[in-house]
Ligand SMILES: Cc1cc2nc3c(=O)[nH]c(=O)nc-3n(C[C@H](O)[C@H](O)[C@H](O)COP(=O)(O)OP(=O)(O)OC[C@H]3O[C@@H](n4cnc5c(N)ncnc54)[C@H](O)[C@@H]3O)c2cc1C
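Below, in structure tokens: the form predicted on its own, a single chain.
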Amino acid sequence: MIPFDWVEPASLKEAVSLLDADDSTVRPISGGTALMLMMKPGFFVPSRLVSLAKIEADYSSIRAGGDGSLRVGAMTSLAELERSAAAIVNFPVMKGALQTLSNIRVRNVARVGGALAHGDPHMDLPPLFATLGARVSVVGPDGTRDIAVEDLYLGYYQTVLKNNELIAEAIVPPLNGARAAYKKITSRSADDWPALNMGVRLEMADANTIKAARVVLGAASERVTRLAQTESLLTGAIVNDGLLKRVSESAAAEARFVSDAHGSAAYKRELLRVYLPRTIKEALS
């Protein structure tokens, strides 16, 4: 491994100042579970790594709002989020989703901010948070801006984050009675990279009528994607078998699929047809 500089700032502000807007070889590192995998074979060669391990403790906290919202510091580990009573009580969908997010050794080390900023479309946390309507607070030298999680991603390992910006926290709005479900479909073990993952969030007008819908797809394409046409088809509709059939066909036509080691585009399209109705039923139940 080629030598590089290692710095440990004591604050988020200092960490931002140590990054370089014009140099992509200067990177922040939180848990490092993904970054180190890229460094070992030489896919990424840093000139400097800015460790976030010693920044303010507030960025490692999970706070529940009085309205049922959740604020998750970027340096919170995935295992801490998985065990958080505030997260699981307010958002039951998180528990099952996080338990199959890689393995417990990785979850103990990986951090929420890094999982969201990495840009790998196979990761579970971005589509899960996008399903829940979460946004991230991003800090840079020019101040702070909020970005919806689904708007973070431009393509494979590409995000809208500048080289000198950091995710400070994720804010998950309250469900307010909405129902949510998340499914991860893998070709091997449950904690492996998925061939397809998807989330559904439904606001109901009554027991059978959908008031508003959010459908998010991951792993099948180059970035986390909301299926807007499919959401429109669900909005205002009465749930029945005919609707679920139309929705599955709509989603299969709307989504852009890519083939990879986890499955062909045709295979992923068929998975979506099968599993989207199941995910909707799970949310309703």
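Numbers for residues come from their place in the sequence shown, where the first is 1. Note that this is a predicted model, so its numbers are computed, not measured.
Unshown form predicted together with the named molecule; subsequent notes refer to it.
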Single option in A180, M94, A195, L125 placed near the named molecule in the model of the complex, where near means a heavy atom within 4.5 Å | L125
Tell me, which of A252, V239, I29, L233 has a heavy atom within 4.5 angstroms of the named molecule in the model of the complex?
-> I29
Out of the stretches listed (200-208, 170-178, 70-78, 141-149), which one is close to the named molecule in the model of the complex, meaning heavy atoms within 4.5 Å?
-> 70-78
Would R135 count as a contact of the named molecule in the model of the complex, using a 4.5 angstroms cut-off between non-hydrogen atoms?
-> no
Applying a 4.5 Å heavy atom distance criterion, does L161 contact the named molecule in the model of the complex?
-> yes
Would L227 show up as a contact with the named molecule in the model of the complex if we use heavy atoms at 4.5 Å?
-> no
Does the 4.5 Å heavy atom contact test between S61 and the named molecule in the model of the complex come out positive?
-> no
Output the sequence-ordered list of residues from 162-193 with at least one heavy atom within 4.5 Å of the named molecule in the model of the complex.
-> E165, L166, I167, K184, D191, D192, W193
